[in-house]
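The data below hold one chain only, encoded as structure tokens and taken in the form predicted alone.
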């Protein structure tokens, strides 16, 4: 089987999964087109990893279906159309990195060249190193190489940059953009919100086993609305700032203040009031609500939270 361009990459229909009395995923529907880069976000217990496990065929849904390129998960995986990178597990022992990548490549019908993968994933310099002598960041790179060498049309990545430093994360996403430019579909779960904001075409936000928002990063942030004002302002109490009409929240970090407003009109009024009351205020910055603010508001606890156990993904 080869991936058919007439089919979407991923179709989840009424997908549910429970562990005992805990509903980890609650009848979600999701369609991801070929070539999309999609970030799957949510707090611990949202259902992200459980969803990824079902997409990869590592866990069977209680109800609903998973379709990859118009076929079952099993058929798509067996055909080499799917590459997975999990956040747990260690590479096999008694092999060096090159031997591991070469062995994995031999299992698939149309693998990428091993040297190309080693270079692309930044693992060429550790190609002769034993898999038991890798740092956390190096292990993540090797996991990515294992997923990539199969030359899959779909890459499913669970916390792909965990244990990788800031520079390494930037390099990883530069590589990922290069990979995605070839038309591959990428879905990844991450706790690094800035990665989702910077690199995803689309964000799927989960909470309590459900999808609570789905769209481009700009759309997700717009759902919350509001504006944020930052400025340098000394010797003014936060409680005093909170009393200004239009201010919904105020905070202070040293000489810097952060004020949240409900919308653009309120923000304009607050700015004028700040300049009138505090002529010594300076270094003003006004921006829209960030992804972190949207994340916190859209995934806020509700009455269903008692049905989920903290830490279950």
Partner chain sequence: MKHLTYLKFEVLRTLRNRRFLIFSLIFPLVLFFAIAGPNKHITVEGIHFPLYYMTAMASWGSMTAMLSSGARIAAERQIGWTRQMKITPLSTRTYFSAKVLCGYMMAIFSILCLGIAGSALGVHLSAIEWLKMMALLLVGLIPFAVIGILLGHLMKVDSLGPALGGVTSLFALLGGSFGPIFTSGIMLNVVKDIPSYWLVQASQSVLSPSGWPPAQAWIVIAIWTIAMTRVAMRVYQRDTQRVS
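The shown structure was predicted, so the numbers you read here are calculated from the model rather than taken from an experiment. Residue numbers count along the first chain shown, from 1.
Not on display, but discussed next: the form predicted together with its partner chain.
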Heavy atom of residue 282 within 4.5 Å of its partner chain in the predicted complex: no
Its partner chain contact at residue 59 in the predicted complex, heavy atom, 4.5 Å: yes
So, residue 53 and its partner chain: in the predicted complex, are they within 4.5 Å at any heavy atom pair? yes
Residue 216 versus its partner chain, in the predicted complex: is there a non-hydrogen atom within 4.5 Å? no
Quick one: of 139, 123, 151, 96, which gets a non-hydrogen atom within 4.5 angstroms of its partner chain in the predicted complex? 96
Pick from 198, 232, 106, 174: which residue has any heavy atom within 4.5 angstroms of its partner chain in the predicted complex? 106
Option from 166 to 174, 75 to 83, 207 to 215, 184 to 192 whose residues, in the predicted complex, bring a heavy atom within 4.5 Å of its partner chain: 75 to 83
